[in-house]
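What follows is one chain in structure tokens, specifically the form predicted on its own.
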């Protein structure tokens, strides 16, 4: 069915609108532009055969070395009727991390988008309540961005051999 999904998406959005095609463990992965997210998800939701009507997850990602595409969102969709899963990825520059909200189609996207905002600083335009969900409101940074070293280099109380170093 993955080939049928690719054909339908490329027919609807063009080959330039559906790229980065891949498959992992039978799950189709596609990449698209931010402006295609809402129309593409609506298309897959309303499609008479595919019926991707369940949002399994929505997650933010950060690739600091990918200039112009540092922040991204992965949408995990599931067609319960066909037992088929699909990942849709889109990327935006860190200076303008704006994505459209999909809360109008999936109510569960509300908290998922708030989490991506809280941890990555991704702004979901049109979201009904885009506020922090897990971190303190006073935080002036987004903790899942790879902007800080993983370990405190000044600590001397660790024995490197115990950590496989």
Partner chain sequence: MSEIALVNNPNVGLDKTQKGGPYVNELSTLNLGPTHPATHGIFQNILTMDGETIVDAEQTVGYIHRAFEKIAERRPFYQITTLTDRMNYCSAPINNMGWHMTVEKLLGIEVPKRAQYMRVIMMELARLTDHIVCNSILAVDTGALTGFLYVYQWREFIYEIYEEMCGARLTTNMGRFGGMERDFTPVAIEKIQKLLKELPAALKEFEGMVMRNRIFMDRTQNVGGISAERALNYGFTGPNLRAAGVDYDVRAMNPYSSYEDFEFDVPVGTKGDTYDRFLVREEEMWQSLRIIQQAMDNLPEGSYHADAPHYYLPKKQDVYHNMEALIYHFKIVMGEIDAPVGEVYHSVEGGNGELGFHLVSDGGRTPYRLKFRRPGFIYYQAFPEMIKGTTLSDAIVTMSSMNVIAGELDT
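Numbering follows the first chain given and starts at 1. All of these numbers come straight from a predicted model, not from anything done at the bench.
Only in words, not in the display: the form predicted in complex with the partner chain, which the text now covers.
> Which residue, 130, 30, 40, 58, is the contact with the partner chain in the predicted complex, using a 4.5 Å heavy atom cutoff?
Flagged contact: 58.
> Does the partner chain, in the predicted complex, lie within 4.5 angstroms of each residue among 89, 106 and 112, using heavy atoms as the measure?
Result yes, every residue of the spot touches the partner chain.
> How about residue 64: is it within 4.5 Å of the partner chain in the predicted complex, going by heavy atoms?
Contact check for residue 64: yes, within 4.5 Å of the partner chain in the predicted complex.
> Can residue 135 be called a contact residue for the partner chain in the predicted complex at 4.5 Å between heavy atoms?
Yes, residue 135 lies within 4.5 Å of the partner chain in the predicted complex.
> Looking at the partner-bound form in the predicted complex, is residue 21 within 4.5 Å of the partner chain by any heavy atom?
No, no contact at 4.5 Å.
> Are any of the heavy atoms in residue 50 no more than 4.5 Å from a heavy atom of the partner chain in the predicted complex?
Taking the distances in the predicted complex, the answer for residue 50 is no, it never comes within 4.5 Å of the partner chain.
> For the stretch 127-149, I need every residue with any heavy atom inside 4.5 Å of the partner chain in the predicted complex, listed N to C.
In sequence order, 133, 134, 135, 143, 144, 145, 146, 148, 149 come within 4.5 Å of the partner.
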